[in-house]
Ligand code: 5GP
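Consider the single chain below, provided in C-alpha cells and representing the form predicted on its own.
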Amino acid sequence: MSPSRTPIVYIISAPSGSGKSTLVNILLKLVPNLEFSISYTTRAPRGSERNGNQYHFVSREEFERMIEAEEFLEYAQFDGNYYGTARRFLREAEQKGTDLLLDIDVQGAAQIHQKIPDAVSIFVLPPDKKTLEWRLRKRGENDDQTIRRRLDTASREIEKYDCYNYVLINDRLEKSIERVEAIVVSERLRRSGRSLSEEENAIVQRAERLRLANVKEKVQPVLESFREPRPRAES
C-alpha cells in the first residue's frame, strides 16, 4: 500500500467474553498492512499485562489532559475507568499506507462513525447467553457478581448490533476467522476501483452475506436468549 493513502478504519465490537480478542489477534496475522490501535486506559494493569502491549496505561490526570487537548478519536468510561483511541494512530496509518483496526465498545463505535462515516463496523455476537456465561467462567471469571454484571452489560450492548455494517455470530472459531477476514479483504477490493477476478468476487459475496440486512433473522434467537422471560399472566 502506498503512503498517504486514506486508511480504511475497521471497528470491531463485542460483549466481553465473545472471543473478539482471539479473532483480532489471528486476523492481524492473516491480513497484511493492517495496524492495530492499542487503546489508552486509566485502569490498572492485570496479571501479565504490560504497558504498550494490551493497553497504554496512564493516570486519570493524563487521560483528562489528553481529552482537553482533543487527542482522542473516541473515549468512554466503563466501570469507573476511561478507555480511548488516540488520533495519532490514524495519522500513523496514513503515513505508512496501512489500514487501521479498532477494538472498541459500542459507545466508542458510535463516536468513530460520527467522525469517520465510511468506517467499517463489525459486531461479534456470542451464540447465546448460556455460551457467553460459560466462556466467561472458562477464562477465570468465577465471581457470580462479576459474571452477572458482564451479562447485564452484554444484554445492553447486543441490542445495538443494528448500528453496525456487518454482524457475525462467533459459534465456531475457524468459521468466524474466515468471515471476519472476508469482510476486511472485501472492503479493500470494493474500494480498489478495479475489475475483480472470479475469486475476488466470491470473497465480496461471502462478506455480503454478513451485512446487517442479511443477518437480522439469524440474530433474533441470540437476542431472545438474553431477554428476560416475561412473567406468565395469571388466569
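Start at 1 and count along the sequence shown; that's the residue number. Given the structure is predicted, the values throughout are model-derived calculations rather than measurements.
Although it is not shown, the form predicted in complex with this ligand is what the next lines describe.
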R46, Y83 and I104 each touching this ligand in the predicted bound form (heavy atom, 4.5 Å): yes
As a check of understanding, the residue in R150, K160, K96, R87 with any heavy atom within 4.5 Å of this ligand in the predicted bound form should be identified as R150
Looking at heavy atoms inside 4.5 Å, which stretch does this ligand contact in the predicted bound form, given the options 178-186, 35-43, 205-213, 192-200? 35-43
Exercise: V9 in contact with this ligand in the predicted bound form, heavy atom 4.5 Å: no
Give a yes or no for A119: in the predicted bound form, does one of its heavy atoms lie within 4.5 Å of a heavy atom belonging to this ligand? no
